[in-house]
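Below you will find one chain, with nothing else, as structure tokens; this is the form predicted on its own, and questions on how it binds or moves follow later.
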């Protein structure tokens, strides 16, 4: 299939057109089965997980042996899918917790959820791309950092000096949700898509798990954030969504027309 294009297709039909072992990185943001929109509604749990496993089966065969997958979902669905993915020979490198800094629904019977799960998976434990130095994050203590830059810190009998790029990235990610990032005068604006992902978060995934000219697969692309960031970072991209309105918006976005 043509690269640098987002297709308006059902995910199953789309994946069948992708050559085997051709994808370096996949970022997938599928339905969660929580009835946000019509595309997120299923008759029951069995129908939902049947759908998920069907397209995942197709995806796994399209990934290169050194490829990586980032799979968005909620905690419950992710817990159900992990054994399935492990049985298919994929390694769960990290259960990433995305701290969104805003809750879903108020509750007086349980803790309010303000996180989502991102499964970071690879076929091989060691021979995959992971550019850890490109995704370092700022140190928390500026006072301690200033002191350590001059004299270092004693650690296991050695002097440790901070890295100029920051500390290594952990598996808890703090990014405000996209709807909060784009407030106007303190008010949340209505988006064309109800659950867009923050560009900075997608950028971290692409920088970490791909190199320039690699192919990034954007499944359930929504408003095309993954494709847009991949293009900006000099990667090839290919994506799909079955919603014509989303795809048209994504194409305009990629052409810098919106």
Ligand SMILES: C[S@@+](CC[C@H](N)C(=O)[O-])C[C@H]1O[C@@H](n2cnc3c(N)ncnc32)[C@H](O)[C@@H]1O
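What you see is a predicted model, and the numbers here were worked out from it, not measured in a lab. Numbering follows the first chain given and starts at 1.
Another form exists, predicted together with the ligand; not displayed. Remarks below refer to it.
- Although the partner is absent here, residue 49 is not a contact residue: none of its heavy atoms lies within 4.5 angstroms of the ligand in the predicted complex.
- Interface residue remark: residue 204 is not counted as part of the site for the ligand in the predicted complex, having no heavy atom within 4.5 Å.
- Contact check for residue 224: a non-hydrogen atom falls within 4.5 Å of the ligand in the predicted complex.
- Contact check for residue 220: a non-hydrogen atom falls within 4.5 Å of the ligand in the predicted complex.
- The candidate stretches are 205-213, 22-30, 228-236, 58-66, and the one lying within 4.5 Å of the ligand in the predicted complex by heavy atoms is 22-30.
- In sequence order, 240, 241, 242, 243, 246 are the residues of 232-252 having a heavy atom within 4.5 Å of the ligand in the predicted complex; the partner itself is omitted from this view.
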